[in-house]
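Let's start with one chain on its own, the form predicted alone, as structure tokens.
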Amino acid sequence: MAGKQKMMKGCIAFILLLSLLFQAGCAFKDIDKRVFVLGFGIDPSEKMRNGFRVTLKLAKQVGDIKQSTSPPYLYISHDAESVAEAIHEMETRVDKVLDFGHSKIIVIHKELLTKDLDTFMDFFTRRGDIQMISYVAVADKTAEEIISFEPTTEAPASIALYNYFDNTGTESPFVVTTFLFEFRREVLGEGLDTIMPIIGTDEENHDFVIDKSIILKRGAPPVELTPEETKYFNSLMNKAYGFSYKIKEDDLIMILNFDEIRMNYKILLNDGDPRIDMKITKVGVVGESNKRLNSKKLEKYNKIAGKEIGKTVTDLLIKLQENNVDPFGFGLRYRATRLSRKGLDKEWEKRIYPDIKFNVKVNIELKSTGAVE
């Protein structure tokens, strides 16, 4: 009996060992066989008509990152009729697998915004290995210059460009953030036009400058916003606060710091002239003034600031309306609050939005004239 059990165990062990010979393996390639793509730059090609020049920012492998004296990156570019073709060609120029799992920034040349975006952005949204948390931005110069630019503040093993958008570094109201999934949804959808940051460099070519934005509507010329307009839009839509407003009336100049911003609006079509009633509340303190302020006159300062901010917001809304772009998503709100019917999607854009009025009311709540009075 004991002999049979030993024979059975021996047979089972032999079968298990034999089965290992037929295992195909997972074909996993270790990290030393990969090179990580950190960002993409896409420009119109100068070598071929309707082609693209794609630039990749790659992370070089180093033995000890602490001993590295410069950012360990390298850049390769290639011209092709499509983004996919360019990347496949570049795969033959490196001895490792291009790994897209760490790529978080896609920089686009301004000229490409007026072309059919599907021809090159489709590649990024179809690839499962390109993260859906990638940011999309527009280059003030060429995308190749921006993606290969290394600012003075960039340290080894860090990507300075990421810090502008992921809120782990600088947090500025002048910086708008657009994810890849937002870009695709808003470009292909209707009722909300996408807004993207414009990335430039300073005159000394030392650091990035990201304080402007551009609004993209499919089939229409892009509309660029100034730094001040970008700040106002960002504060209202994304509640970006912690920054200053300069208020000037006669010889009084005040710098107001707001730490709380609220905004809501209603679309009214059957109560007088068609209009959008927008209510804005901003809470903060006086950060600086050119005159001594009286804390008992806060209500007066509130009215002065509310009047000026209200005018600036109204001017911004009118500029967007005149250029027929809608980054606030008024059209989307209109469609979402009406019963579906034929022609609803064009009704707002063609008939209502071009003539609608804006009624902006700003409520400023200054808590004090400063910490020391």
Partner chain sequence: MNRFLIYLILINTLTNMVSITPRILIAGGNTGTVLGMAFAISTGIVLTYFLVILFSRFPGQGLPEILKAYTPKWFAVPVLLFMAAAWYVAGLFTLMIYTFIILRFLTPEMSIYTIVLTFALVVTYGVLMATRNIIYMSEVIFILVVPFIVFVQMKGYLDPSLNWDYIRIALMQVNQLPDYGAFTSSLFIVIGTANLVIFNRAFTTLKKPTLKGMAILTVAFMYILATTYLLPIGFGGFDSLENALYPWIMTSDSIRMKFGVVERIVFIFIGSFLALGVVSMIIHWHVSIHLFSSVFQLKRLKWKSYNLTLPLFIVFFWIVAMTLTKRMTVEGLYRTVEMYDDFVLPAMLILLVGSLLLAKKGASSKWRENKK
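Positions refer to the first chain, counted from 1. This is a predicted model, so every value here is computed, not measured.
The same protein has a further form, the form predicted together with its partner chain, not shown here; the description that follows concerns it.
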Have a look at 83 to 91, 185 to 193, 146 to 154, 219 to 227 and name the one stretch with heavy atoms inside 4.5 Å of its partner chain in the predicted complex. 185 to 193
Considering Leu268, Ile255, Ile133, Leu252, which brings a non-hydrogen atom within 4.5 Å of its partner chain in the predicted complex? Ile133
Is Gly101 close enough to touch its partner chain in the predicted complex, meaning at least one heavy atom pair within 4.5 Å? yes
Considering only heavy atoms, tell me if Arg338 and its partner chain come within 4.5 Å of each other in the predicted complex. yes
Hey, in the predicted complex, is Asp116 touching its partner chain, heavy atoms inside 4.5 Å? no
Contact between Tyr75 and its partner chain in the predicted complex at 4.5 Å, heavy atoms? no
